[in-house]
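Only one chain is given next, in structure tokens, and it is the form predicted alone.
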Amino acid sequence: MIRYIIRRLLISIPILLIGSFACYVLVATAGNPLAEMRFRPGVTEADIKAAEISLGLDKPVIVRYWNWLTDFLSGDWGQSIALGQAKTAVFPAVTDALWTTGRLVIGAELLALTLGVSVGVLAAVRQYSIFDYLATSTAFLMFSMPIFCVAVIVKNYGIQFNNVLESMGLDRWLTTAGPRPGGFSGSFGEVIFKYTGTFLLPTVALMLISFAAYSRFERASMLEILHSDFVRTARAKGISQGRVIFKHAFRNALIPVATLFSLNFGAVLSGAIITETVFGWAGMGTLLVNSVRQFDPPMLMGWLAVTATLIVLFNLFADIVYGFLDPRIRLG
């Protein structure tokens, strides 16, 4: 198993290098970050040329990429060069945004995975039951709705719930516009109360569509496994239904879901961009939108590098999970 993990790690390194180079070329050729500087009064060509030399824009793309890569690996991610904006260090800006988005994404994915797998298994075991029809209908409903609509609906329900609490003389609980000001303080119960009220709505909005995907994949995979020869053989030997499902079928049915989990990270991150906009969170989505609007290459490259690394790590995680779920994969 150790050799299998090392082999996957070695494969991930060139993938990251090729991906970072492709991203750098796209960003470098997308435009000139100093284009607006030409329209400022009093700015001469000499000033623009000096700014280009200062930022290294006069060098070939391959040389600029190598300089960026060596600085990035040494911990120097550069500074924002957006015109008219304060010079912000890229590393703390990206890590702060990642911490904000990460809490939403991790919570949403854990909830979606737990509920989706549970509902999918139960729907497969009770095929064509009322529960199966309800689970299937709910999943198709979530699939058919854009994440923006889901987020807006969840937010509106949260506002109405807060209005009901106020009409009863209670404090508003659910935060519908940005993180709770002042952070989380007080007793343990108060912290839990504030934390859940802050993260519940955006987490649920992100979770619903992923839940639909996981439940459908798990149901289809579980049905295929339940009708396979080795499961029929286990039942013919008199093994109990619970043992057949959880010891023999469940583990094999998780392999497609592990694939979806790793590939779904990019979709969840794109959904987080929209969800953060609806709920007013300053996370990776806000950082990306601002970087693109202001055309800030250092900030864009920091965002892309972190995102690409996370996607590769999630795929590596899926490969490792494959090896645990099915030893034939790591021996192949």
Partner chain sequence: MANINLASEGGVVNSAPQSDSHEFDASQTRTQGQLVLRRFLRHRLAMVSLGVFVFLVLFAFVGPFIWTFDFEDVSSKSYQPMSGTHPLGTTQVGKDMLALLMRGTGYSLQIALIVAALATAIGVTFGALAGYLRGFVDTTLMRLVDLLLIIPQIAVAAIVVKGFSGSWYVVALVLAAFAWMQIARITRGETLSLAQREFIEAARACGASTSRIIFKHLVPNMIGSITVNATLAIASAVLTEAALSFLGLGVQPPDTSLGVIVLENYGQFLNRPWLFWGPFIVLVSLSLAVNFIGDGLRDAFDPRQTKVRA
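So that the term is clear: the rigid core is the largest set of C-alpha atoms that superpose within 1.5 Å between two forms. These numbers come from a predicted model, not from an experiment. Residue numbers count along the first chain shown, from 1.
Unshown form predicted together with the partner chain; subsequent notes refer to it.
Peer 1: Given that the partner chain is not shown alongside this chain, does L288 nevertheless sit within 4.5 Å of it in the predicted bound form, heavy atom to heavy atom?
Peer 2: Looking in the predicted bound form, residue contacts with the partner chain include L288, since a heavy atom lies within 4.5 Å.
Peer 1: Is it the case that T277, even though its partner is missing from this view, gets within 4.5 Å of the partner chain in the predicted bound form, heavy atoms only?
Peer 2: Within the cut-off, so yes.
Peer 1: Find out whether any non-hydrogen atom of I273 is located within 4.5 angstroms of the partner chain in the predicted bound form, and reply yes or no.
Peer 2: Within the cut-off, so yes.
Peer 1: Do P92 and the partner chain share at least one heavy atom pair within 4.5 Å in the predicted bound form?
Peer 2: No, P92 sits far enough from the partner chain in the predicted bound form that none of its heavy atoms falls within 4.5 Å.
Peer 1: Name the residue from F193, F131, F230, Y157 that puts a heavy atom within 4.5 Å of the partner chain in the predicted bound form.
Peer 2: Residue within 4.5 Å of the partner: Y157.
Peer 1: Report the residue, out of A46, I53, V63, L26, that has at least one non-hydrogen atom within 4.5 angstroms of the partner chain in the predicted bound form.
Peer 2: Flagged contact: L26.
Peer 1: Tell me which of 148-156, 239-247, 199-207, 110-118 has residues with heavy atoms within 4.5 angstroms of the partner chain in the predicted bound form?
Peer 2: One stretch meets the cut-off, namely 148-156.
Peer 1: Enumerate the residues of 277-303 that have a non-hydrogen atom within 4.5 Å of the partner chain in the predicted bound form, in sequence order, or give none.
Peer 2: Residues within 4.5 Å: T277, V278, L288, V289, V292, R293, F295, L300, W303.
Peer 1: Under a superposition restricted to the rigid core, does Y65 display a Cα displacement of 2 angstroms or more between this form and the one not shown?
Peer 2: Indeed, Y65 is displaced by 2 Å or more.
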